[in-house]
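A single chain comes next, written as structure tokens; it is the form predicted on its own.
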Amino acid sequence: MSFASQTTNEQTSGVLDVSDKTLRGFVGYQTKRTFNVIQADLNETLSAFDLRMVSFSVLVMIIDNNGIRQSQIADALSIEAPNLVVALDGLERRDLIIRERLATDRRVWLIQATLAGRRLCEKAVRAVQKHERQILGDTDAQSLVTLMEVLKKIEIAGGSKL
């Protein structure tokens, strides 16, 4: 095929045939590609609840840790403070959480979920669990245990370098 006809075919098909074979040999690249698939499906799942991954994670963290400090959420989820404030503002506007100042230290905010926040979170967690079952397909239980163990090892090993 001549260069001119190859260029025309690429332009009309809109697809450039490229190989990522070498990249697929790297765990990081494969993890990123996999995360892109999971994230796209998860975003669609959470959109039914008007939540995004960050706001969902923040809401779950608050419910699992009633009265948690804002700084603890940021640390636990590795979220920059300004981004956390945006997520908290959105959750608070929807009456899903309440922020209260700590009486002994007015710089500290304690966060609690409202009843509406707990109810929404329960529904969203069920939907995310269903999403994971669907996306993992017929992956057997032992493979999932192994996957989680490997992911935790990578996180721990990487944490010492952060």
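In case it trips you up, residue 1 is the first one in the sequence shown, and so on. Since the structure is predicted, the reported quantities are computational estimates derived from the model, not experimental observations.
Quick note: we don't show the form predicted in complex with a further copy of the same chain, though the next part is all about it.
4.5 angstroms heavy atom contact with a further copy of the same chain in the predicted bound form for S47: No - in the predicted bound form, heavy atoms of S47 and a further copy of the same chain never come within 4.5 Å of each other.
Residue contact check: D95 to a further copy of the same chain in the predicted bound form, 4.5 Å heavy atom: Because no heavy atom of D95 falls inside 4.5 Å of a further copy of the same chain in the predicted bound form, the answer is no.
Residue contact check: N66 to a further copy of the same chain in the predicted bound form, 4.5 Å heavy atom: Yes, contact at 4.5 Å.
Close approach of V128 to a further copy of the same chain in the predicted bound form, 4.5 Å, heavy atom: Close contact exists here: in the predicted bound form, V128 approaches a further copy of the same chain to within 4.5 Å, heavy atoms only.
Triple contact flag R52, E80 and V85 to a further copy of the same chain in the predicted bound form, non-hydrogen atom at 4.5 angstroms: No: none of R52, E80 and V85 comes within 4.5 Å of a further copy of the same chain in the predicted bound form.
Stretch 22-48 - residues with a heavy atom within 4.5 Å of a further copy of the same chain in the predicted bound form: Result: T22, L23, R24, G25, F26, V27, G28, Y29, Q30, T31, K32, R33, T34, F35, V37, I38, A40, D41, E44.
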